[in-house]
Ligand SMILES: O=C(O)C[C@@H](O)[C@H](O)C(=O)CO
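One chain comes next, on its own, written out as structure tokens in the form predicted alone.
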């Protein structure tokens, strides 16, 4: 199996708390991006001390309360399945703070991390404030929920976005990359993809490759898998009959999403 493809581990942390993914620290070869998925049974708690990290807590499914310091944000979350295709609530917590998540119902949360030194205010990102964008045409159409885009100065490093791709379509396409710290031409951003499928027995294909093909891996990502993109192009193809969801986390030395398409496939953008 590819070293870029991570299967759910489902490690029981405490009563009612299961770590589905832990792509942080020694579990990851990324410098700027960390990622966890946590399942919480109703009434259970999960918390962390953020030492030198900022975190965006995304209420993937179910309802949760999130506490940081004197602030408590109650009954966050808008959906029982990500495939309801409506934005959800998130909370940004800056470095060197402590947060706690309590499950109001059974819930799944995504924890998106990046190194951070300048402490910023904790921020509730309400579902109704999230920009919904429709990109692409032909068989290259997707729906995008911009949770924490580079136009929002609430974070030091993190960029977080949800993407839906319908049956028979492609996304992160034409193949693009952001692996050069060379602004304004291109930014360096590591990235993770957390995948879900509808129906859940589905799969997608994701290729991660560089111009010189020193990295060139094509993976079959199934429901609940994570794909790590340390560099290179990273398109996703969705088979007929299935809908794809993924949550992207990006971070790098500069908080700017500036990519370049694979020149061999640039013509796809310019079709009438």
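Residue numbers count along the first chain shown, from 1. Owing to the predicted nature of the structure, the values given are computational and were not obtained by experimental measurement.
One more form of this protein should be noted, the form predicted together with the ligand, which is absent from this view; the next part is about it.
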Original post:
In terms of non-hydrogen atoms within 4.5 angstroms, which of the given stretches 92-100, 172-180, 105-113, 149-157 touches the ligand in the predicted bound form?
Top reply: 172-180
Original post:
Quick one: does residue 234 come within 4.5 Å of the ligand in the predicted bound form, counting heavy atoms only?
Top reply: yes
**OP:** State yes or no: in the predicted bound form, is some non-hydrogen atom of residue 193 no more than 4.5 angstroms from a non-hydrogen atom of the ligand?
**Re:** yes
Subject >> is_contact(residue 135, the ligand) in the predicted bound form, heavy atom dist at most 4.5 Å >> reply: yes
**OP:** May I ask you to state whether residue 35 is within 4.5 Å of the ligand in the predicted bound form, using heavy atom distances?
**Re:** no
Original post:
Which pick from 197, 82, 161, 125 sits with a heavy atom within 4.5 Å of the ligand in the predicted bound form?
Top reply: 161
Subject >> All of 142, 250 and 257 within 4.5 Å of the ligand in the predicted bound form, heavy atom check >> reply: yes
Original post:
Hey, which residues along 114-133 are within 4.5 angstroms of the ligand in the predicted bound form, non-hydrogen atoms only?
Top reply: none
